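Take a look at the structure tokens below, where one protein chain is shown in two forms, each on its own, as structure 1 and structure 2.
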Structure 1
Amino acid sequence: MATHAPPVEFALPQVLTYPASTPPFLVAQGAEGRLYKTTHITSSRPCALKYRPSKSYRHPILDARLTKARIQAEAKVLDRCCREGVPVPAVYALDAGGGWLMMEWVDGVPVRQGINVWLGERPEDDAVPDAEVADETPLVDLMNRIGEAVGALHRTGVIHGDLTTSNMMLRPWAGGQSNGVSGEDGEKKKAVGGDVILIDFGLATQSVADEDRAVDLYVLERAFASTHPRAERLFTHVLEAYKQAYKKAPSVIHKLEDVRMRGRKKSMLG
């Protein structure tokens, strides 16, 4: 009879071992770190704490330097984005030496989940009835909001480094509005509604090179194609909104064509 392995227990970072009214909750475990949900100052203010534990395979001094540099770099990027009005979580506190960064908690679901709810059980073929295309306004609006968010990010001089629909959150609008539509259609519209918040800046860098911006867009385009192939044709709306949000977008889109060509050649050569 099959048995299930017990959940893995991790040692908490020191900041989460102090007495608190709200115990921390492990939300996600990645290769480089762990994400906890906890509270900041009061129990009514939820926050996210990103912790980079030490790596036993690295020399202790090198590991400490790398961890400190990465925490500081991520906090600096988030702070710059917040000041420039880019939709990202605000930084509450950090301890680079301790390996943690405390940020605003973003309510909602990943954009990936919202799009998948919208797509539902639609057929895999490329033939989409005209009536169905005419009803895709809420999804197109979401594509526009994604393009605007990425445009604002690049306008600030920040490259995300890992743009996917899993690294974007949909923060619900007040009242969970669905334009007055109830039933299944209302739930689908609510699934793709909300403000797009960019998250997970662990690989982010600061750059003003069009090449770097183009690679950022290419990563998003390929991630979108692999995760949401039935809606891949709508990615053009992301690029159109990007052009509206970032005045230097034409040169980036031109570079994107070059990046696409290199990607196709790499795929053919293996």
Structure 2
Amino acid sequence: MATHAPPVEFALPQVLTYPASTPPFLVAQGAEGRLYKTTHITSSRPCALKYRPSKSYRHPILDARLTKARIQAEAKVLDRCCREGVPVPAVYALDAGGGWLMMEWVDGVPVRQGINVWLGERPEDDAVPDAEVADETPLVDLMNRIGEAVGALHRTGVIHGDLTTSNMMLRPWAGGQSNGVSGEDGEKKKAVGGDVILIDFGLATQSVADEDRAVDLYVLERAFASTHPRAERLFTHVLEAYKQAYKKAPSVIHKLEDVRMRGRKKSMLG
């Protein structure tokens, strides 16, 4: 999985080759970028440096255009979200031509990982009796927090463009919230606890069209179903919380129906 650090053998972006008190640590090789943990200004302030190396498979003109546009879009959107109170990391610095963006470090793990810990290693059977699943409240709560975060995002006129459970972090609550519960149950509960922070805005755009928001939700819905098939039925809670958090949600959800139909129909015709 993308969470354990691959061996550092990649060329560093120039900014990370200067002497510093904290050596850069390669946290993840994500979809497009590499994410380093380092520090900013003082050695006690961790930060994330996202580097988009050029992609040799792409035509150089297209590659330069996309890299630059995405760093700029990501910085611009993060900035806007920060100002409007959407839970995202703050931007510290960037160099679009150089292909990097430096931002606030978010503690915790991606939501995908938290959900997988919660779901655990159950037999890979399609028919797990629901009664076996004891109390789903902590997972449902997480679904609600995801819906709230996406609602807040759309309220500000931002489309994420790549909503998945890998592109949201779970920042642990101070002190943890599994007081009283110990052992495996406590661990599981803790795994899905924390604030949802949205990350990875490289494909983000600003738009107030319901259609774009609906596609954003559709991307999340499908990513969720394929990544966590066993929790798929809980996705409705995301949409419910989205409705609570965002006034114009009903018309977006209406559009979502159209988008679902289109995706299913067109992609399947010979």
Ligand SMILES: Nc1ncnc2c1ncn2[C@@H]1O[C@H](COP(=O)(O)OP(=O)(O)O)[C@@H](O)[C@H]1O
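Predicted model only: the values in this text are computed from it and were never measured. What we label the rigid core is the largest C-alpha set whose atoms superpose within 1.5 Å from one form to the other. For residue numbers, the reference is structure 1: its sequence is counted from 1.
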property: Either 1 or 2, the form predicted in complex with the ligand; result: 2
property: C-alpha of residue 210 moved at least 2 Å between the two structures on rigid core; result: no
property: Residue 28 C-alpha relocation of at least 2 Å between the two structures, rigid core basis; result: yes
property: CA of residue 58, rigid core aligned, shift of 2 Å or more between the two structures; result: yes
property: Core superposition result - C-alpha of residue 70, shift between the two structures, Å; result: 2.8
